[in-house]
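In the block that follows, a single chain appears as structure tokens, in the form predicted alone.
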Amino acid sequence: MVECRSVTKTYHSGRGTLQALRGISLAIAPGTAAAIAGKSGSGKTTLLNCMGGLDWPDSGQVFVNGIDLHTLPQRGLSLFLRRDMGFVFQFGNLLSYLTVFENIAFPLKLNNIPKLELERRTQELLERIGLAGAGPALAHELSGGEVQRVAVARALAHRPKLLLADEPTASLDSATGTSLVRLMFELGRESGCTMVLSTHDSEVMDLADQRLHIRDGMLQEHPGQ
């Protein structure tokens, strides 16, 4: 379960004040795939960052499986992020000095998964994302769609409770993006992971179990939900 209760966030800069989130409240059931749509600057990324403990709301609470993230001490939050969260970013953010295999295995290594299990799980994910022979490759040798598939495999390798994806299809064509999200949802559902992604793509929205729309920092039901 992911729950936000009256979450607000305001940014201050030399250009003035931006109220990014204005009392966001929502609940996403365990194992649900949720999609949040909104224009650039609507607050999508800020909301995901607050959900993932990467940013701090000015007020309100964020719960993941009953844990209020923003009351955890720094070490507790770091452990929670390492063990229970997975992240997919717009451009993959693969580690350029690691191979594809090593990128996927990275969260498993951080969580001290035994070597044989690490190798088994990583190879299985390579096969599931259609890159069984690409383990020794580096990120610059992959296409954009392949980079994002590796990023999805890496985010799910340690079987997190919550996966957050910030516009993971933004750099992809429509068909490749839709295929990526289908794959992500399939892999996540198999492990009972709750997934929340932001997107501009209506086809991606249609794949989700729960569809929401954010506008000017306020959350609305997605039209047609």
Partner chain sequence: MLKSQGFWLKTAGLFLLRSGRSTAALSLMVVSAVAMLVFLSALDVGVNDTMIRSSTGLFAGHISAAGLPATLAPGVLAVTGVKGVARRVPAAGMLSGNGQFSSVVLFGIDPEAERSTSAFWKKTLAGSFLSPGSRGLYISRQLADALRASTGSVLSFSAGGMAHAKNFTVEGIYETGIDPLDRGIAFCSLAAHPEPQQPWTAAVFLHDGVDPADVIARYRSALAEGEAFKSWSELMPDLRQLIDLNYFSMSLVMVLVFGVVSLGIACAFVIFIMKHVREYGIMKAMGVTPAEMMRLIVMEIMLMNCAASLAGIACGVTAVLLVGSTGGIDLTAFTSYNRYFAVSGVIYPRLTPFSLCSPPALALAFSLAAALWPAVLVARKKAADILRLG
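Positions refer to the first chain, counted from 1. This structure is a prediction, so every number in the text was calculated from the model and none was measured.
Quick note: we don't show the form predicted in complex with the partner chain, though the next part is all about it.
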| item | value |
| --- | --- |
| Partner-facing stretch of 197 to 205, 21 to 29, 8 to 16, 212 to 220, counted where any non-hydrogen atom is within 4.5 angstroms of the partner chain in the predicted bound form | 8 to 16 |
| Interface residue in the predicted bound form among L54, I67, L183, A170, criterion: non-hydrogen atom within 4.5 angstroms of the partner chain | L54 |
| Full three-residue contact with the partner chain in the predicted bound form, heavy atom 4.5 Å, for K44, F63 and L163 | no |
| is_contact(Q123, the partner chain) in the predicted bound form, heavy atom dist at most 4.5 Å | no |
| The partner chain contact at A132 in the predicted bound form, heavy atom, 4.5 Å | no |
| Exercise: L94 in contact with the partner chain in the predicted bound form, heavy atom 4.5 Å | yes |
| Contact flag, L79 vs the partner chain in the predicted bound form, heavy atom cut 4.5 Å | yes |
| Within 93 to 131, the residues that have a heavy atom no more than 4.5 Å from the partner chain in the predicted bound form | N93, L94, L95, S96, Y97, L98, T99, E102, F106, P107, K109, L110, N112 |
